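Encoded as structure tokens, the following chain is the form predicted alone, with no partner shown.
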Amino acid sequence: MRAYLSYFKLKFISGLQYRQAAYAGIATQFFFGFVYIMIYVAFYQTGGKNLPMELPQLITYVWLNQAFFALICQFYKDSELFTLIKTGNISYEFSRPKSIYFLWYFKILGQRLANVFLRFLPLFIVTILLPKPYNFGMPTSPLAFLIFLVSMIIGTLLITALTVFYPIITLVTLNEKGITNILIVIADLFSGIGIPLVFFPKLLLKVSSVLPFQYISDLPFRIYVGNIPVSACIKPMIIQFVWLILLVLIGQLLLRIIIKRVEVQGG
């Protein structure tokens, strides 16, 4: 475990050094947050009725998406891993007396947490002080906030498990685009980054119910804003945890199979 934590610490500390990228990210998140909110406010004010989420809930949901965007976005790829794979230097990783899967897992987790660490707090502080209806709202209760934190932690581990599949696939395709980009688009659509899933048509809702992506951010964010009451949190959070275990087990098994067949090129 110490080796995995060292990988995590190394990526986390190195990620904190990119302050200018974090500042640019904060500005970008503010911009897109206001754009989304102005669209939603106009939609609600022009006669939207019987909508599945109240406007204050939706605005808080948008700010949560923007605050944690660097953590939950699907398009993050560890370029260092892809370079190792395409140059053949990945063979050095295979020679380590540790689980390659968990070395990659903790490496990606450290980078994702570093990406969001410098961004989310300034955004929260500013958006809480905004006038209504643009302000960030408080959770419905301390219990809802606690459940949100637990669900968010599981969601973070879940998105990391999904991200590990990208270098695993690249071991076979030798290209980090193609299949991985298709997976990224699908995951972004069904994780609620663009539009909360409760606004989806029934057919897409049924599709999303059998996929793991909604448990990355849509579930914890809806718990925070009160769209999912505390009394109804247990079942989806159990499913969220089961998906995490399944993806980690599948990722380990798939990587083990691919490593036996992989041919290292380059040098």
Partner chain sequence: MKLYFKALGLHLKAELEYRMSFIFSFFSQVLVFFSYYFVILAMFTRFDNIKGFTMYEVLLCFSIIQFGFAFNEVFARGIDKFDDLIIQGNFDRLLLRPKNILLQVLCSNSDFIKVSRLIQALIVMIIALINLHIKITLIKFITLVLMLISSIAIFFSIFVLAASYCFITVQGLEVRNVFTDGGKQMAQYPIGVFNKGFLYFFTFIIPYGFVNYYPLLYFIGKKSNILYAFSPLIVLIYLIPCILIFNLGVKKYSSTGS
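Residue numbers count along the first chain shown, from 1. Just so we're clear, the structure is a prediction, and the values are computed from it rather than from any experiment.
The next section is about a form of this same protein that is not shown, the form predicted together with its partner chain.
Think of it this way: in the predicted complex, its partner chain has a heavy atom of just one of Leu143, Ile182, Val150, Met138 within 4.5 Å, and the residue is Ile182.
Checked against its partner chain in the predicted complex, the residues Phe68, Phe213, Phe221, Tyr40 give one hit for a heavy atom within 4.5 Å, which is Tyr40.
Residues of just one listed stretch (185 to 193, 156 to 164, 80 to 88, 110 to 118) have heavy atoms within 4.5 Å of its partner chain in the predicted complex: 185 to 193. In the predicted complex, at least one heavy atom of Leu51 sits within 4.5 Å of its partner chain.
In the predicted complex, its partner chain lies farther than 4.5 Å from every heavy atom of Pro122. Under a 4.5 angstroms non-hydrogen atom cutoff, its partner chain in the predicted complex lacks Ser231 among its neighbouring residues. Taking the partner from the other structure, its partner chain in the predicted complex has no heavy atom within 4.5 Å of any heavy atom of Val242. If you check its partner chain in the predicted complex, you find a heavy atom from every one of Gly47, Tyr134 and Asn175 within 4.5 Å.
Counting a residue when any of its non-hydrogen atoms is within 4.5 Å of its partner chain in the predicted complex, there are no hits in 223 to 255.
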